[in-house]
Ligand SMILES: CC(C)(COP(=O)(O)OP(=O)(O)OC[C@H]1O[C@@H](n2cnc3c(N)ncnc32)[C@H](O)[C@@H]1OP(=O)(O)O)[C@@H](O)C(=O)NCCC(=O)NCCS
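What follows is a single chain, given as structure tokens, in the form predicted alone.
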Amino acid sequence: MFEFAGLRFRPLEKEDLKLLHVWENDSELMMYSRSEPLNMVTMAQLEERFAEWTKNEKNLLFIVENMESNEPIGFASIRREVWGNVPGADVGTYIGKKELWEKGFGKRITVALLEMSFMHLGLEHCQAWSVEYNTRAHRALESCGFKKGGVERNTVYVAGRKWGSFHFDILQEEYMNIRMNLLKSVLRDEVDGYLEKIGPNLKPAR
């Protein structure tokens, strides 16, 4: 498990599929996280996906818990890949508890994913995708140092029209340049304790 900014990231277990079944059949939630309001995933389909996910050790899939209440609030993932000879990952998250939207949880989760990716997994590049109309996600990504790299035009059809898919990415060295400011913004007075816990001079693995 990984704990950061009041959040606990624990591995997705088969018992969590009941919770995912609720979240991934919520049309509003899926409109923003999957760009598919009419997702309608069956439990059998989720079980098949879980079996495929667990076969690939490069996929790190998490249930995100609020440590204060010990309740699950969302899902997050780091899907590792090598592009050419550069180790990287596709990172993503959604907050299943919609009453927590726009309360800063997206930024906290995203910084945690970058900490794991760059400080513990030795990755050099992270990317994320978001549908054109999800401006809340765009703000969260950009506040964490991601840069918009491009657009795949007219790849999503929602609410009677076509939308683009926005691509964002961040390099390891870009993250390291802003890391302390990001940690201070999400950890506040807990930043020194966090750095002491993981090692204040820890450098990304090579």
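All figures in this text were calculated on a predicted structure; none of them were measured in a lab. Don't overthink the numbering: it's just position in the shown sequence, from 1.
Keep in mind that the form predicted together with the named molecule is not shown, yet the notes after this line are about it.
Visitor: Using a 4.5 Å heavy atom cut-off, which of 51-59, 169-177, 152-160, 31-39 contacts the named molecule in the predicted complex?
Guide: One stretch meets the cut-off, namely 31-39.
Visitor: Quick one: F118, C126 and K147 and the named molecule in the predicted complex, is every residue within 4.5 Å by at least one heavy atom?
Guide: The answer is no: none of the three residues contacts the partner (heavy atom, 4.5 Å cut-off).
Visitor: So, in the predicted complex, is R79 in contact with the named molecule at a 4.5 angstroms heavy atom limit?
Guide: No, R79 stays farther than 4.5 Å from the named molecule in the predicted complex.
Visitor: Is it the case that I63, even though its partner is missing from this view, gets within 4.5 Å of the named molecule in the predicted complex, heavy atoms only?
Guide: Contact with the named molecule, no.
Visitor: Answer yes if any heavy atom of P87 is within 4.5 Å of a heavy atom of the named molecule in the predicted complex; otherwise answer no.
Guide: No, P87 stays farther than 4.5 Å from the named molecule in the predicted complex.
Visitor: Does the 4.5 Å heavy atom contact test between G104 and the named molecule in the predicted complex come out positive?
Guide: Close contact exists here: in the predicted complex, G104 approaches the named molecule to within 4.5 Å, heavy atoms only.
Visitor: Would you kindly say which of S165, S143, Q45, S27 lies with a heavy atom within 4.5 Å of the named molecule in the predicted complex?
Guide: Looking at the other structure, the residue within range turns out to be S143.
Visitor: Need the contact residues for 133-172: heavy atom within 4.5 Å of the named molecule in the predicted complex, sequence order, or none if there are none.
Guide: The stretch 133-172, when checked against the named molecule in the predicted complex, contributes N134, T135, R136, A137, R139, A140, S143 at the 4.5 Å heavy-atom cut-off.
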